[in-house]
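This document opens with one chain alone, in C-alpha cells, the form predicted on its own.
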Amino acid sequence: MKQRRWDIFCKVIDNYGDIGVCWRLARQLAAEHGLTVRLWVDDLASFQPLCPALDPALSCQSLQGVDIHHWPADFTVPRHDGMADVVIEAFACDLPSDYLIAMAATRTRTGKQPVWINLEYLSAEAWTQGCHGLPSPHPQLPLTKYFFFPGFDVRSGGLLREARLRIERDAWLHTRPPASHPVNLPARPPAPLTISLFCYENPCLPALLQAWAGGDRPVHCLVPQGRALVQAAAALGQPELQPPDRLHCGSLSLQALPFVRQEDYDPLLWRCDVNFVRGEDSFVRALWAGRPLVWQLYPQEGDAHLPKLQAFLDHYLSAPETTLPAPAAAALRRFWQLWNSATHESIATAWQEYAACLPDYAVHAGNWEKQQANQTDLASKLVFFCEKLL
C-alpha cells in the first residue's frame, strides 16, 4: 500500500475536546499507520496547552510526525502540496470552500475524489449505528461525504486507543513508585480516597466538595488548572488556587495541578481511585484506565446531552460480561444523572451511595475495559474504511 496523505480539519469550539481528539488521532495515524498527516487547526493558542512544544505564532510546523498548519479565516489551498487522499472534517466543522472546490476539481480531472469523512462525536445512541458509514452527496458539487461515528459497539467506528496503551499502563502500575509522575505528585497517602477532578462548571460541585469535607473518609482531590479549579477555589472560600497549592478543609485535601500535555494525563488517571472526566477525550482515556469514573457531558440547550448519557449508561451497566449488582448499578446511574443535571440538593446522599459501591465499580470498570479492548480501535477502523474507497 502506497503512503497516503491525510488532511484533518479541526475548529476549536470550546475547551479542548475537539482538538484533543484530533491531535490524538493525527499522532496515531502517523505513528502506527505510516500516513502523512496534516492537521489544520483554527486556534493554535488553545491547542498549545495540550502540546507545549507547539509554537502558536508559526503557521506551519512538524511535531511528533504530524504537520500542523494554522487554518486561517482566509484559507487558500496550498498549491505545491497537492490534494490529500483522505480528508476529515472533525465534528462537522465545514471544510473551506476553496478546499471543496479543489476536491471537486480533482474528481473532474482524475475521475476519483479524495475520501471525505465527517468524524462525528462519540455516542452510544442506537441511531448512530444505522448512520455509521452512510454516504451524503454534496448538494452542488460532485462530491460524497461519509459519516463516521465513534462508539462502543462492533457496528460503530470504535474508540481511540493506541496499540501500546494497555501495555504501557500495566507496566506503569507494576513498576513505578506511587510518586512517579510528570507533574511531581506527592506520594499517595495510604488511607484517603484519591480522586481526579476534571469537569466543566457544575452547579453540583460546591455541594460535593462540602460532602467530601464533612465526610468520615479522607479524600485527596487532584484538580488540574482550568475551570474546575476556579470553581473549586471559590466554593472553598479561596480567591484562587495555583499549582502546587494545597488546601485542607475537614476531611478534604485539595491539590492544584498544572495542566499537562495529553501523554502525561494518563498516569494521573491510572493512579486515582475515581476519575471525574468531561467531554470526549478525557472520558475515553478514563475508560481505558479501567478505574471507576464519573462522566460529565458537554451541557447542551434543552438538556439534549441527557439522552446521550442515558444511552451510555444503558450500555455500560448492561454489558453481559460485566454486570453490576442491581443496587450498585442504581447508585451509579443516580449519581451520574445528578452530576449532569442542575439539581444539587441530593448530591451528598447520592455520593455516599456511590462511594459505598466503589469496590464493585473497580471490578466492573476493569472487566468492561478488557471487553472493549477486544474490539478494533477507531484509527484502524478508519484506515480500513477509507482504503476500501480509495
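Numbers follow the displayed sequence, beginning with 1. Computed from a predicted model, the values in this text were never measured in an experiment.
One more form of this protein should be noted, the form predicted together with 2'-deoxy-thymidine-beta-L-rhamnose, which is absent from this view; the next part is about it.
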query: In the model of the complex, Y298 touching 2'-deoxy-thymidine-beta-L-rhamnose (heavy atom, 4.5 Å); finding: yes
query: Close approach of A256 to 2'-deoxy-thymidine-beta-L-rhamnose in the model of the complex, 4.5 Å, heavy atom; finding: no
query: Contact test in the model of the complex: P114 vs 2'-deoxy-thymidine-beta-L-rhamnose, heavy atoms, 4.5 Å; finding: no
query: Contact of R261 with 2'-deoxy-thymidine-beta-L-rhamnose in the model of the complex (heavy atom, 4.5 Å); finding: yes
query: Sole residue of P224, P192, G133, P206 within 4.5 Å of 2'-deoxy-thymidine-beta-L-rhamnose in the model of the complex, by heavy atom; finding: P224
query: One residue of W270, F312, Y121, W71 in contact with 2'-deoxy-thymidine-beta-L-rhamnose, assessed in the model of the complex (non-hydrogen atom, 4.5 angstroms); finding: Y121
query: Which of 142-150, 231-239, 155-163, 194-202 sits within 4.5 Å of 2'-deoxy-thymidine-beta-L-rhamnose in the model of the complex, heavy atom basis; finding: 194-202
query: Candidate spot P96, L100 and R107, all three touching 2'-deoxy-thymidine-beta-L-rhamnose in the model of the complex (heavy atom, 4.5 Å); finding: no
query: In the model of the complex, residues of 264-282 near 2'-deoxy-thymidine-beta-L-rhamnose [heavy atom within 4.5 Å]; finding: Y265, R278, G279, E280, D281, S282
